[in-house]
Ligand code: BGC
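So this first bit is one chain, no partners, the form predicted on its own, shown in structure tokens.
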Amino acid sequence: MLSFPDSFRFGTATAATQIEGGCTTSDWYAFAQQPGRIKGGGRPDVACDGWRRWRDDLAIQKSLGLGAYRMSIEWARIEPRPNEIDQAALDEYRRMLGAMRDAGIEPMVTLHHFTLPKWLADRGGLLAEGFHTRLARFARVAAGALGDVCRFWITINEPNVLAAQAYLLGAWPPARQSPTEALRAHHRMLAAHVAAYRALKDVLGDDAQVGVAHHLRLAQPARPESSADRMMAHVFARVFNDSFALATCTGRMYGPLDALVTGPEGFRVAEARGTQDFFGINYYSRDVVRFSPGHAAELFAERSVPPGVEVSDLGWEVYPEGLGMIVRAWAQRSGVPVYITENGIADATDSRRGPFLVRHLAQLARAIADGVDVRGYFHWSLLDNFEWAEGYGPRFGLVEVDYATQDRRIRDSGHLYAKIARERVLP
């Protein structure tokens, strides 16, 4: 039987904009008001009403016996205008975190989960002058207010995804389509991560455990016999998947080009080496890649899903083996403990989530048995939520949310996860 050590943390993950509602000062709130931006016309105005109902959601976590919770704090709510801190918002986040700890649930707080204060977005967002110092200042404010009730921190969630969606594909704010700007945004976020890491350490010392939630996908050639496909899979993996993560591990992002590129205040990629106390992995699927002259904006890499494979409601392939491979590779590269900071499936019927959970957790149990230092798993997500440009269609929650009434109902997969967390053995 596959089992987990007593120290392994089972938890869930959410993000502020996706569940809280009631924040009108973010770039995503403004973006969602624009017709055609969000499928179905959905907006995060109410979402899961989590800002008012967090005690109910905490009670659900406690009833499931989960011991950890990853959440983000909304920068736009805390600093709605430049240099103006909303103390009442900070106090409410402090109450949340304190209540979690009282319930025996270890919090992990994300500072930047895709959203920005609108005032900062209006000044250029990730590309604004001084973005890295702004994030570092926000980190100091958060650490000063919440550091005694939170030990685990994530500076930035999925920087590669944000750079691609916002500046390459044009699907998220500011809806740009510029490869040059995408690369600049990626580099600026690395500088901001380093600045925020140092700020958290300055305030909280070595007791604070700080990392990044890296979005990692397995990239494999569609035709292994094709040298062009093999090359494209390698290039796609190196530029999209690996570059930010490698920078935090080795101080190298794009290879020899790093020496030629400086960031704000002379920042260089080498400064990122060692700026993580744990390595966070967000894993959902793999990419099967083939060379395509028609996909120049994506480095000539066309991604596809093999015919006949199991997929989620979003058409993403279910490929648990990829998690095992990624965990083993990056545990070795990083040399620090690993947490799975996101893993989940869009499954409205809840018919695939249970097997999905078991098969992915099995990969982790086998890795742990082989000596890989994996310390926790945060399932995405606790609740159905606002899924960015996809709106409210995808259902990722262990808990079903009726958006009309805000009623919550634990799905069968939620009860299965609770059983695994309680018994620490996979069925």
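These figures come from a predicted structure and were not determined experimentally. One rule holds for the numbers: they count along the sequence shown, beginning at 1.
One more form of this protein, predicted together with the named molecule, exists but is not displayed; see below.
Could you spot which one of 279, 114, 197, 75 gets a heavy atom to within 4.5 Å of the named molecule in the model of the complex?
-> It is 114 that has a heavy atom within 4.5 Å of the partner.
Contacting member of 387, 49, 373, 400, with respect to the named molecule in the model of the complex [4.5 Å, heavy atom] = So the residue touching the named molecule in the model of the complex, by this definition, is 387.
Would you mind picking out the stretch of 224-232, 99-107, 143-151, 281-289 that comes within 4.5 angstroms of the named molecule in the model of the complex, counting non-hydrogen atoms?
-> Among the candidates, contact is made by 281-289.
At the 4.5 Å heavy atom threshold, is residue 157 in contact with the named molecule in the model of the complex?
-> Close contact exists here: in the model of the complex, residue 157 approaches the named molecule to within 4.5 Å, heavy atoms only.
Indicate whether residue 396 is a 4.5 Å heavy atom neighbour of the named molecule in the model of the complex.
-> Yes, contact at 4.5 Å.
Looking in the model of the complex, any heavy atom of residue 18 within 4.5 Å of the named molecule?
-> Contact check for residue 18: yes, within 4.5 Å of the named molecule in the model of the complex.
May I ask you to state whether residue 316 is within 4.5 Å of the named molecule in the model of the complex, using heavy atom distances?
-> Flag for residue 316 set to yes.
Using the arrangement in the model of the complex, list in sequence order the residues of 367-381 with any heavy atom within 4.5 angstroms of the named molecule.
-> Heavy-atom contacts to the named molecule in the model of the complex: only 380.
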